[in-house]
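Next up: a single chain in structure tokens, the form predicted on its own.
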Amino acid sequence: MPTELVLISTLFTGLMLGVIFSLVAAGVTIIYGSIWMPNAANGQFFLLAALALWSAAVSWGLHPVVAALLVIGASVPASLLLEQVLIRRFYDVPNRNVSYFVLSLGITQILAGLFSVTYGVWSDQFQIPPLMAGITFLGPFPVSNSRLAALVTGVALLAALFALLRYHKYGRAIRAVFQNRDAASLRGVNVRAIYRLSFVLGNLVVAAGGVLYAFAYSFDLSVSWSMSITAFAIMIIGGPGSVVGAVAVGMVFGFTQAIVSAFASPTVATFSYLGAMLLILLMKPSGLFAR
């Protein structure tokens, strides 16, 4: 294979994976940074969004764009319901991160079981109809317009997330709670409302990652476990509660997987960045971008 083709292919794949990893890890770290919830169910939420998109676009016959907007929009009331029924009950519990971790493990097992007896019976592999027909050539490398649209949308979502956190009053309130919730409360921030907003925003970003992944790649039920481990690894290396760290390390993970996959195998790629995680944590236990 020509060197230029391998180079462009690896760069594009790294960017595509990096954007998706960054989105999911940003969602995980927003929730952790605000309410101290290490959400082990993030991979199942990611898969739920991808499967819901598949149902809406394939089984119901909706246009993929309409289906994507429906799935991402539905994550908001679903998150609000979950927050009201379960999450808020632990807001005042000492060491609630342990309680949240156990709770999210339970949600993980329930969702994994449900997916196994439903979608797992219906199909082994899931593929969404393309967003757009045709291909575009990046030099000698052909890219489907659907995958290109997913990449551009992912970059736009990351930019919108940064703009929200930096310039909008709610984004500034989330950052204030990240830094010191007691000081934020004294300055008039409704901390419980920010907890709720962070939980909804984090899950919305994770759902968007699942939708974009489904547009870019075919997938099976096992993707939830690999994404869950990857998102946690990114959050820990980037620094729990650091969105900048999640995006920076997510991009590094994406390019690492693309490069190692091109010259070795995807399995070796997974081990490579998990090995890198252990090495970095030995040198800097608090993460690269610790708050």
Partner chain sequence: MTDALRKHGRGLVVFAAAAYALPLLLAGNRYFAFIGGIALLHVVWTAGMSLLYGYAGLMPLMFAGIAGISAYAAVGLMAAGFSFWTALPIAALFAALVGVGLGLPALRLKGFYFTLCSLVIQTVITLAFVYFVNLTNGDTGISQIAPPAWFGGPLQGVGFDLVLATLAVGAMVALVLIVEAPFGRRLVAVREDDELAEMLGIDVVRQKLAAFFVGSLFAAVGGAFYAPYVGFVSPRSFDVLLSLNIWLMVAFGGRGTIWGAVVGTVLLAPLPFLLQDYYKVKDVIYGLLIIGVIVLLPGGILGGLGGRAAAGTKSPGLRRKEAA
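Positions refer to the first chain, counted from 1. Keep in mind that this is a model prediction, so the values were computed, not measured.
From this point on, the text means the form predicted together with the partner chain, which you will not see here.
Engineer: Applying a 4.5 Å heavy atom distance criterion, does Pro64 contact the partner chain in the model of the complex?
Structural biologist: Output for Pro64 is no: heavy atoms all beyond 4.5 Å of the partner chain.
Engineer: Even though the partner isn't displayed, in the model of the complex is Arg187 close enough to the partner chain, meaning a heavy atom within 4.5 Å?
Structural biologist: Although the partner chain is absent here, Arg187 would stay clear of it in the model of the complex, with no heavy atoms inside 4.5 Å.
Engineer: Against the partner chain in the model of the complex, would Ser265 count as a contact residue? Criterion: heavy atoms within 4.5 Å.
Structural biologist: Yes - in the model of the complex, heavy atoms of Ser265 and the partner chain come within 4.5 Å of each other.
Engineer: Does the partner chain come within 4.5 Å of any heavy atom of Trp225 in the model of the complex?
Structural biologist: Within the cut-off, so yes.
Engineer: Assess the spot marked by Tyr32, Phe101 and Leu278: is the partner chain within 4.5 Å of a heavy atom from every one of these residues in the model of the complex?
Structural biologist: Checked in the model of the complex: all three residues contact the partner chain.
Engineer: Given that the partner chain is left out here, which of Ala258, Ala57, Ala49, Ile236 has a heavy atom within 4.5 Å of it in the model of the complex?
Structural biologist: Looking at Ala258, Ala57, Ala49, Ile236 one by one, just Ile236 meets the 4.5 Å heavy-atom criterion.
Engineer: Out of Ala74, Leu157, Ile107, Leu221, which one falls within 4.5 Å of the partner chain in the model of the complex, going by heavy atoms?
Structural biologist: By the 4.5 Å heavy-atom cutoff, the listed residue in contact is Ile107.
Engineer: Of 195 to 203, 124 to 132, 137 to 145, 111 to 119, which is the one stretch near the partner chain in the model of the complex, taking non-hydrogen atoms within 4.5 angstroms as near?
Structural biologist: Result of the contact check: 111 to 119.
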